[in-house]
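Structure 1 and structure 2, given next as structure tokens, are two forms of the same protein chain, each shown alone.
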Structure 1
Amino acid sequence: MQRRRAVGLLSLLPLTGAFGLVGCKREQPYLQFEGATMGTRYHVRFRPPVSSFDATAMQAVVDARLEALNASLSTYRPDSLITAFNEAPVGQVMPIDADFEHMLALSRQVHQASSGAFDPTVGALVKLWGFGWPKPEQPLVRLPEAAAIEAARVRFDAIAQSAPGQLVKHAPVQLDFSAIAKGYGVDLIAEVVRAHGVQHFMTEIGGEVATQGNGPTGGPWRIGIEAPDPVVTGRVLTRVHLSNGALATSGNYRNFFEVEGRRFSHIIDPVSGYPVPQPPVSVSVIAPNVALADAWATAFMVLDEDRGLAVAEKNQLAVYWVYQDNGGHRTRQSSRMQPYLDAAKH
């Protein structure tokens, strides 16, 4: 199984449109830094508010915040709060922190609005299908038995907050916030960067993006949505123009696994318990924050084409789908997406 990100970042492309607010005041040149997190890397590119700006100090705050998030929500860590919750017996009250509570609340919101297409209680199914953590000792060679799939079923209703900071399960369910936590991590980086007085920045973790203000060429940031290609990275299909925004993409064209000669998506349909048989190649979503965009992008991988469009319109989301089509690809978008793409054509 390969895991690669599905969005290329092309924020440095020159702009010809006159969106800039560049006055006669001398602007600081843009700076950038990056680091490792959540099995991938984060990037921050920003215009410092003053020439004496201490980017190293800001990066230390970013790293500490991401570390706290991972200590709570990483299913890859044996000592995280989420691992403790997943390993706890039914009925045992477990401690959770504010990040954990926030992820539960946002997840419930998207779960309800997507009629269950997004469900963070997919943890046991993710492990059963062999793409969880720890990685199975051997890759999955046979499809799981129907009884095992049934036993690993989602049950978001079996999780309850008995009191603030406390969580209990009434059935042996396991949580997995992989489809929302990266986006939330980007929201947290953006919060730190804003708190340091920075007004123009773009930050991302593995292709989930937050922007504010202008890019280095003076107009809104330009984010490339990558063309589907299992081998070549970085070919751009279209560009999204984003000033103050949150964009996330869920992609399937490099992230899949094979069992018994069949190709499976790493996105699970919570209703069937099986990987989604023919998901879109990728779905990109613009939402009020990156956590929501991330969760919704995953939900739209589960929903079929017509349901997906209806749900996007009902929830007033800007969504861009890429589908496989006779060896090539075709795209579809919700009505709210158009302005971001139109602007990008300038």
Structure 2
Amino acid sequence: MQRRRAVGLLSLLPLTGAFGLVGCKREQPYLQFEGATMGTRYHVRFRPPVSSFDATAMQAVVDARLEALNASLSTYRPDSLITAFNEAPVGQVMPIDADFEHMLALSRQVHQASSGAFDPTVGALVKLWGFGWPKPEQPLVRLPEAAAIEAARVRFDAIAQSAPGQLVKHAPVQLDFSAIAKGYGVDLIAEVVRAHGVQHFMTEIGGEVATQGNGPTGGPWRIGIEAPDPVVTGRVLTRVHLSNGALATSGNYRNFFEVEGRRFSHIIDPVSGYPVPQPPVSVSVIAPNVALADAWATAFMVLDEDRGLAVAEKNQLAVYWVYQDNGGHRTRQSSRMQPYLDAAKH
């Protein structure tokens, strides 16, 4: 599973050990392992509760849990539950598992709270504007007709649960949880790590991060937010201190494409069906869990600046925006983000 192409690049740099955390003390017995998932890599760094801790056994549980998640939600697997649902005819009741049901519930929560800015049924619109997967053989050379845009705007309410563990669609909707499932995968890794008695750890998939307890330096984990740049990678724009928290970032480093001599952003607004005129370069969100942070980061790429700030304050979210400004960058943050930034200065 991968984030929708309309969202762009991820831009979180966990500053730890092999992931780049500064100030590591070698005498502290932190361990780490990594593996492949969702078209990228996951990383886990932790302090074992006992010297005889079996990290290999814990990783095996992590791998099995991630495999189960992909079997449910990967749109790249022909045998997944979500593929079966997407290929099912309108009106057919389909079975779904607990992961699918949970993603649907969280997606609906953010969808409603963002007034539709987050919508896992946006896939048809993304394809219409030339950003679907697999990538079109030819770039978009003509703007879509208004009627085609309206037809592609399948609403979230076209999906209904006829009973627990069952789902039915009332329109030819195609679900894609790519903008939330990676964050959920991080949450699942964190659950496994906690279940093994680990109290101090950081888990990460493709830049989405969950932390608990202290990092190797003895204080909160230091997480770097990358400076958005389509060419240069690895430059830190700012840092946050995060303990017992979840952080996700959505990015849009190549902001525009041109059709018929007009410039459009790559970010598609599910409500209007059109590209967002001036989206942020990137948005970072701290939330109660990584799945929510992931989904909200996508929503804030769609919402305009003032409305996004109002929504962040209303939902008590810590949000950090980066905008292009006269060839440079301008940042803005919600009130709940400031304490994380202040802590990183000390």
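Owing to the predicted nature of the structure, the values given are computational and were not obtained by experimental measurement. We call the rigid core whatever largest set of C-alpha positions still superposes within 1.5 Å between the two forms. Reference numbering: structure 1, starting with residue 1.
Between structures 1 and 2, only structure 1 derives from the form predicted in complex with adenosine-5'-diphosphate (ADP). Superposition on the rigid core between structures 1 and 2 places the CA atom of Pro144 2 Å or more away from its counterpart. Here Ile96 does not count as shifted, since its C-alpha moves by less than 2 Å between structures 1 and 2 after the core is aligned.
Once the rigid core is used as the reference frame, the Cα position of Ser265 differs between structures 1 and 2 by 2 Å or more.
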